[in-house]
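There is one chain below, alone, in structure tokens, taken in the form predicted alone.
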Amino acid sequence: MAELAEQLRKELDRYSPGGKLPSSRALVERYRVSPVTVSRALGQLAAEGLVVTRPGAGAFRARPRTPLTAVGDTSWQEVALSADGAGDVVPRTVDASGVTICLATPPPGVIEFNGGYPHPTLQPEKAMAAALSRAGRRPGAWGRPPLEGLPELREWFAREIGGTVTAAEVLIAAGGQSALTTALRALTPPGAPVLVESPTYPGMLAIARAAGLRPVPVPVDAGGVKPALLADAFRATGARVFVCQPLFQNPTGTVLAPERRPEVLRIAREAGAFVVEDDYVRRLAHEDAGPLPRPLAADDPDGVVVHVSSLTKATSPSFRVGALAARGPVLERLRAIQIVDTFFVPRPLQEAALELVGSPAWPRHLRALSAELRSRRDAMTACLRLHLPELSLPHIPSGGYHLWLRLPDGTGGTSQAFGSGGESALTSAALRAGVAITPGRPYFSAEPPAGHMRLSFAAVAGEQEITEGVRRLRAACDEVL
């Protein structure tokens, strides 16, 4: 199809604007291709605005469009936008920079150590395609779904969470980011403080600030959030929400220690507060992870936890199906806000999710993904220790898709900390060397204690690319460290 489209594109000059092209039958005979190929090639040219197709009449060369001269004056918007929210206690700021770092596609030839999703070779593309095909043939697949989500899919997520969580306490959401947005809007009014782990996921910080909330950091260590500091933060701020990732925390990769799990729930319950549990990467456990702790929601009879989970990380960036789970009156508020914001998750996508997780291909995919992530983690860890020993790797995770490294405290013979300015210099130098990395600054809601960077081992093509990426990073470090 692409070759025929290119050939027709070159021959368009033979026809005057508005002139009729040869019929589809003539093109089939001339180029010895199928009618479907001709139809797709003409469709491609039509999408480019080069031809116009008229049912029953044929295809015609498009007439050139007269470009419009922009004469408007948009300077008034500076006043309007700056006045918006001028009376808010906490100004609403929409800053997507911390998220776009992980979403943007690097230039050709640049190794993607900054990716937030597994490489296409790690995605179950055939299984997803088959699931989508089967889903499209289900009776009523293209109709309107229940507002809360398909009952069977809600039941599946409830079983995945475990404990006493039921399908009636689950809402289907359009991925984890959408679910987190709904949760924060439901639980906190504009201007309120919200407790967050430090460091934490930049996308959640962006959601909070866009809603006019005030993120308050609570430090984490090798065992996750520190309960004593969490209790202090609740008392000092009067916050009613704490957002956390108890399993393979982003970016540190730590797991909330067993003895801290009940403490976190107790502290929140005594503060009259909710815990938003972002269980974003449970299905990306490594082969050597061992038994995983249950979600906090599975051990929460009092409705303290609002649970968020998603299929996206284990499948594809475009497979945006997730879940919100809660019990008590808050569930109705979550439901109402989600309906107002998004109506519902498209039914074909929900049906495809059911087909996928119910197929034999799903557990096979998770096993293969688990083994491959462990292999890539070990390869990147070994390369970093060999070629970049000055970068500190305090924790090697047993799940997830990235490593969190601390940069040297001093550089160039100085005693100054390698802070955000140094991170920026290293990020730029790395890109010049042909490798994209994620600086640590966006992961902190306040001043960071040191310079950091996050390296993804899942977004690249394989171990050979990991080795080459670390080699390029070595060259970048030599330039700035």
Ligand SMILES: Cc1ncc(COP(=O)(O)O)c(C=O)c1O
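For every residue, the number given is its place in the sequence shown, counted from 1. Everything numeric in this text was worked out from a predicted model, so none of it was measured.
This next part talks about the form predicted in complex with the ligand, which is not shown.
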Handout entry: the ligand contact in the model of the complex: D278, any heavy atom under 4.5 Å
Key = yes
Handout entry: Touches the ligand in the model of the complex: R320 (any heavy atom, 4.5 Å)
Key = yes
Exercise for the section: Give a yes/no on whether L180 approaches the ligand to within 4.5 Å in the model of the complex, heavy atoms considered. Expected result: yes
Practice task
Determine whether any heavy atom of Y117 comes within 4.5 Å of a heavy atom of the ligand in the model of the complex, and answer yes or no.
Solution key: yes
Fill in the blank from the handout: The one option of F157, F242, F113, Y201 with any heavy atom within 4.5 Å of the ligand in the model of the complex is Y201
Problem - Q338, Q350, S310, T254 - the one with a heavy atom within 4.5 Å of the ligand in the model of the complex - result: S310
Exercise for the section: From the candidate stretches 329-337, 388-396, 278-286, 342-350, select the single one in contact with the ligand in the model of the complex, where contact means a heavy atom within 4.5 Å. Expected result: 278-286
Handout entry: Within 249-271, the residues that have a heavy atom no more than 4.5 Å from the ligand in the model of the complex
Key = N250
